[in-house]
Every structure is written in C-alpha cells, then in structure tokens.
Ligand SMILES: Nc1ncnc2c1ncn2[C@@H]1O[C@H](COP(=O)(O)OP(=O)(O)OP(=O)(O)O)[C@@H](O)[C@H]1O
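Encoded as structure tokens, the following chain is the form predicted alone, with no partner shown.
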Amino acid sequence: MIRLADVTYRYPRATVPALDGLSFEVSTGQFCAVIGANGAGKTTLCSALAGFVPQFYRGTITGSIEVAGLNVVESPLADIAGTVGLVFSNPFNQITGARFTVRDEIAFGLENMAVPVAEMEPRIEEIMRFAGLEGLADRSPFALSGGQQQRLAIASVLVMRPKVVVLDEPTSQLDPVGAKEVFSVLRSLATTAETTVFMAEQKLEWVAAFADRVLVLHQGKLVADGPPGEVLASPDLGRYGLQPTRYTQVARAAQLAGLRSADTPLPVTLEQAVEFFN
C-alpha cells in the first residue's frame, strides 16, 4: 500500500536532506507509527506521503514514493487527495470554520466531491458513530474538547474513504484521555476497515499499546523498523534522542539491580509491566 525506494529529499536552500535514503513498505490495514526526535524528518515524511513534498514545498527529491498505486511525486494533488487523507497535529488547522455544526463540518469534503445527498447522509451517520461523535452532531465544532475536535478532524477525512490515512502527531495537544480516544479510533479503523494508518507520534506508551509496527527516524534516516515490543525496548533509543516508556525504564532498572533476569524481555506497556513484575 505504501512503498518508498531510496527516497532522499532536500528543502529549497537546505544544505542537508530532510529525508535521506528511505526505503520501506507498509501493507494494507497496518497501523504503522513513525517516531523520532524533533527534526528527525517525521513531518516531512508525512507530507511526502500526501504529495505535498515536493509538489507544494518544492525542493529536490530522488527515489520513488508509491501510495495505493499512485506515484505521489508525479500525480496531481487532486488525485492524491482522493486516496490519501492527511490529518494535521492541530485540529484548528483542519476545521474549516465554514460550517456551524459537527455534522455539516463532516459533510464539507463530501460536498466538494459532489457526492449525492442520498449517499452523503448515511456516510456521515456511519462515520460519526465510528468516531464517537453521534451525540455531538448539532454542536459547534469550536465548542468541542481537544480530543473531540481531533476526532472530528479525523472523521472529516475518513468520511471521504481514503485508502491511506496519514497523521502528523495528532495527539500533540491532547491530554491522556483525548490521546487514547484518537488512538482507539485509529486502531479500530485499521482493524475493521482495512485502511492503512501511518502516524507520526511522540507518545510512545500509546504507540506501544496500539501500533502494529514502529519506524524510527534519525536525521532523516531510517534507523530502526519492527514491532513495538522490539523497537521501543531497544537500548539504542537514547542514541536517537528518544526515551523508552516508563515501564521499560523501571523494568531495565530492576534487571540492573538483579531483581529480574536479564534474559526477560522488557515491557513497553502497562499490561506487559504487570506481567514482568509478577
């Protein structure tokens, strides 16, 4: 569904590449998270998957990027938008402000796609139930909580039924409750709708609990790729400006103190930590 082959990208007037020789594939229905310190290239990668790099930001790119069968470097952005949905870190940047209710905000993209009303209404109702917004249909988008607004931003993208959803740190401004709401919606999306989810994120505890796979970027390079339990427990995370989850840190300290066997796999989630210490 997503395929990158030796992708290198440099912004205009930049002296070093933002993306440096990236090659990886993401299969249909996979929830793939990309992590990395600030400046690692996460946002640039998300923009590249949606075609904004290099078509909007310009710059120089080599290699190939294919998403759902489209060459996103060369395909028109209008064609990409119907296949790849992009969700920004701040829902205020996504909410149009042109509609007065949650229902109408979700309908905005469908109206622009000229979807018939008879088809539009059941799609809106379906996506509101899926995103947990059905009780908020007549409320103003600006009267919602941060978590609700982000779920609205995601619903506004999902209602157009993209094959791939790309999210650039969508929980960066949310509290733990709001963050869990967003992750739960995305997990359900990947599981039940076979939509590919590609998400840049800093909250490693939620990544550990919900993602199928984790990529680590460092200075534009792909330095790690694997299941959350393997990548997030790696002692190499610190080299890339990342801290493991609190559960991994405590468990590693217990191993160093001789309280647990050094051969026991380190936990990355609360559930795994409970099992580790029991």
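One-based numbering along the sequence shown. Since this is a predicted model, take the numbers as computed values, not measurements.
Separately, the form predicted in complex with the named molecule exists; it is not shown, and the next lines address it.
Quiz prompt | Interface segment, criterion being heavy atoms within 4.5 Å of the named molecule in the model of the complex, picked from 58-66, 36-44, 246-254, 208-216 | solution = Among the listed stretches, the partner-contacting one is 36-44.
Quiz item: Can we say Leu22, Phe31 and Thr195 each have a non-hydrogen atom within 4.5 Å of the named molecule in the model of the complex?
Solution: Not a single residue of the candidate spot has a heavy atom within 4.5 Å of the named molecule in the model of the complex.
Quiz prompt | Contact residue in the model of the complex, chosen from Ser188, Gln202, Thr96, Asn71 - any heavy atom within 4.5 Å of the named molecule | solution = The option sitting close enough to the partner is Gln202.
Self-check item: is_contact(Glu169, the named molecule) in the model of the complex, heavy atom dist at most 4.5 Å
Solution: Yes, Glu169 lies within 4.5 Å of the named molecule in the model of the complex.
Quiz item: Though only this chain appears here, would Ala18 touch the named molecule in the model of the complex if you measure heavy atom gaps against 4.5 Å?
Solution: Heavy-atom contact with the named molecule at 4.5 Å: present for Ala18.
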